[in-house]
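Only one chain is given next, in structure tokens, and it is the form predicted alone.
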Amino acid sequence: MKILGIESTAHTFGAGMIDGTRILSNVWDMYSPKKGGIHPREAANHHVGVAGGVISQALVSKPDAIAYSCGPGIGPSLRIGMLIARYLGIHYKIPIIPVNHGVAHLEIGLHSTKAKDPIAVYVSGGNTQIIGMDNGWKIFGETLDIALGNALDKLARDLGIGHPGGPAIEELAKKGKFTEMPYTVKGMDLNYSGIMTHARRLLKTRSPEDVAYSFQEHAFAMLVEVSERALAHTEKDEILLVGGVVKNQRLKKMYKTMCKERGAKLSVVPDELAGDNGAMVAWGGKVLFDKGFQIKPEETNYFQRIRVDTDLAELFKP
């Protein structure tokens, strides 16, 4: 069963192909704004411009089905991916599989690491959630304001180091010293807006390196704390890290320390599958297809604000 997956939820247009359990291709092109954050129309225009080349490289052979990210994400970007999936479905006369972007991150994490029943920590530009499997995916805790990846991007813009901000801040932080910042955890949830505001103020009196280091230490520690609480609450013994932010080496080290102290196993999605990509969408499509879920090309749609516990079968019910 060959499935072509199309990812277009935000700044990345990706296409990847799988055959059974094998990843045959995984190609992407990322839009990077010259100033500020992601501009929806510019991101959509970028996707239109690169889609043909990306898909041509990813399309190893005729697919048996097309999977696409139907949400959550930025409306104009989602629409481009949906329309391309619809066209390819009609062209090849094959079924379409709408895939929840967040679930695709989770499923490729399970597949690539062979994790069994973990607490999944999903950390990206648009999401920061603590998730477990309990008759389907269930969100145990999450950010109550901005996602960690978004906070890192905002801080990077304040520091004048571009987008995406995470990798640049990680490098800057290696030369910094610790200073106190707000630490806001509420049960299983957390807030990043307070630490974000404080970091901006600190830039007037502390070096960029100190601010970057201290921001990472506080923000990551908050996430590790709620993750450990989820392990204790559910009595699970494995953590799975997924999403683009988990490429950060300092974040991985903090989770390794926590898991070692608790006697828990740590599984981390490979870097090449951590960010937004088409292969994860293809794999998410396979999981759904194996459960009997597919739609016709004319039934395609997209949803900007769905969650990982959203029932797609209900959304696409005829």
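Since we're looking at a predicted model, the values are computed, not measured. Residue numbers run from 1 along the displayed sequence.
Beyond the structure shown, there is the form predicted together with a small molecule, which is absent from this document and is the topic of what follows.
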query: Exercise: residue 192 in contact with the small molecule in the model of the complex, heavy atom 4.5 Å; finding: no
query: Close approach of residue 210 to the small molecule in the model of the complex, 4.5 Å, heavy atom; finding: no
query: Heavy atom of residue 63 within 4.5 Å of the small molecule in the model of the complex; finding: no
query: Exercise: residue 98 in contact with the small molecule in the model of the complex, heavy atom 4.5 Å; finding: no
query: Residue stretch of 274-282, 260-268, 289-297, 44-52 approaching the small molecule in the model of the complex, non-hydrogen atom distance within 4.5 Å; finding: 274-282
query: Listed residue that, although the small molecule is not shown, lies within 4.5 Å of it in the model of the complex (heavy atoms), from 182, 132, 76, 126; finding: 126
query: In the model of the complex, the residue from 247, 111, 236, 157 that sits within 4.5 Å of the small molecule by heavy atoms; finding: 247
